[in-house]
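Quick heads-up: it's one chain on its own, the form predicted on its own, in structure tokens.
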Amino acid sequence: MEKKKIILDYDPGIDDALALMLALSSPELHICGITTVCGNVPAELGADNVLRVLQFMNRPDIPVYCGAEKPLVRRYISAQDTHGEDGLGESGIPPAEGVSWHSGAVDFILDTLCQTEALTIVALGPLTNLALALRKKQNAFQNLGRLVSMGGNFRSYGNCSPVAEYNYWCDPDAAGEVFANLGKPIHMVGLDVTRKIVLTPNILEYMHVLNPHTADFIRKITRFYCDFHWKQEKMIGCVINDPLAVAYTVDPDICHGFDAYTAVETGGLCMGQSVVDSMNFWHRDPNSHVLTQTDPLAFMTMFVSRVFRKESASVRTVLAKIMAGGAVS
């Protein structure tokens, strides 16, 4: 099997950590490297968190590069109220030992693009690194196979304003530049589909039955996140946005959507809103593939069976009962 070569560009972050666990557990993917950007947490703290997850997953061989420490224009506002001051839910996960991250995320992205045909970039945070890379060497992106961006929203409401999703709101100018200048459709895994992916206490209990060690790690980092979701939305459990973008990279059939031209509002009351021209008012060529449908059971089966190394069919049978609210016999 020929593996899909990817760069993970992101801002860990609780659900970002889960996304990395899924990527590392997916044999279809070869992670060339990981780059961090300011978003949920400052870029340097994000890089430290990547190393923590890599240590837990016994993959210290993957290089980590720290990137942009601030948005292109606006003042940086982190999401540490959502993810905890440490970015991993105040979980106390120990620092990685014997490894360190590097600086130069933008140069790493460009060098890898120049050396790798059909490279996939999975962007799970603000698009600042990619905007800076496009400014520096736009022709390097000719080798880009696909950009998968966890960000934006079409019909779903925002998560940091009435209309905006956090990653695009954090650096709307970068998102706007990437949508305008990439030259290839961006696969937008936005809140319309990610809101359907909810990690519930019952699923966590099932994970604990499968492997207490791995489940305890996930429980530690998501407890804070679950508390936040209860306070904000009265939801029992937590939405795990970023792993769905990794799952879509592995299996594009897990989500479906449509092609459209998308622009990102860079200021004012609607700053960060992804404006999707679904009715083709602007008569512009599509620059995005906007995902609107997903299969939560298929996703959760992929995540649990891979991260916990269990047979997919049996996991799906149990999860179908859990997610339907029935008893597991």
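All residue numbers refer to positions in the sequence shown, first residue = 1. These numbers were taken from a predicted model, which means no experiment stands behind them.
The following text describes the form predicted in complex with a small molecule, which does not appear among the structures shown.
Student: Of the options V193, M188, I221, L124, which one has a non-hydrogen atom that comes within 4.5 Å of the small molecule in the model of the complex?
Tutor: The residue from V193, M188, I221, L124 that makes the contact is L124.
Student: Taking the small molecule in the model of the complex as the reference, which of Q80, N159, T120, S156 has a non-hydrogen atom within 4.5 Å?
Tutor: After the contact test, the surviving option is N159.
Student: With the cut-off set at 4.5 Å between non-hydrogen atoms, does N167 touch the small molecule in the model of the complex?
Tutor: Answer yes; at least one heavy atom of N167 falls within 4.5 Å of the small molecule in the model of the complex.
Student: State yes or no: in the model of the complex, is some non-hydrogen atom of D171 no more than 4.5 angstroms from a non-hydrogen atom of the small molecule?
Tutor: D171 lies outside the contact set for the small molecule.
Student: Could you tell me if N40 has a non-hydrogen atom within 4.5 Å of the small molecule in the model of the complex?
Tutor: Close contact exists here: in the model of the complex, N40 approaches the small molecule to within 4.5 Å, heavy atoms only.
Student: Please check if N241 has a heavy atom lying within 4.5 Å of any heavy atom of the small molecule in the model of the complex.
Tutor: N241: yes, in contact with the small molecule in the model of the complex.
Student: So if I measure heavy atom distances to the small molecule in the model of the complex, which of the stretches 91-99, 178-186, 136-144, 241-249 falls within 4.5 Å?
Tutor: Among the candidates, contact is made by 241-249.
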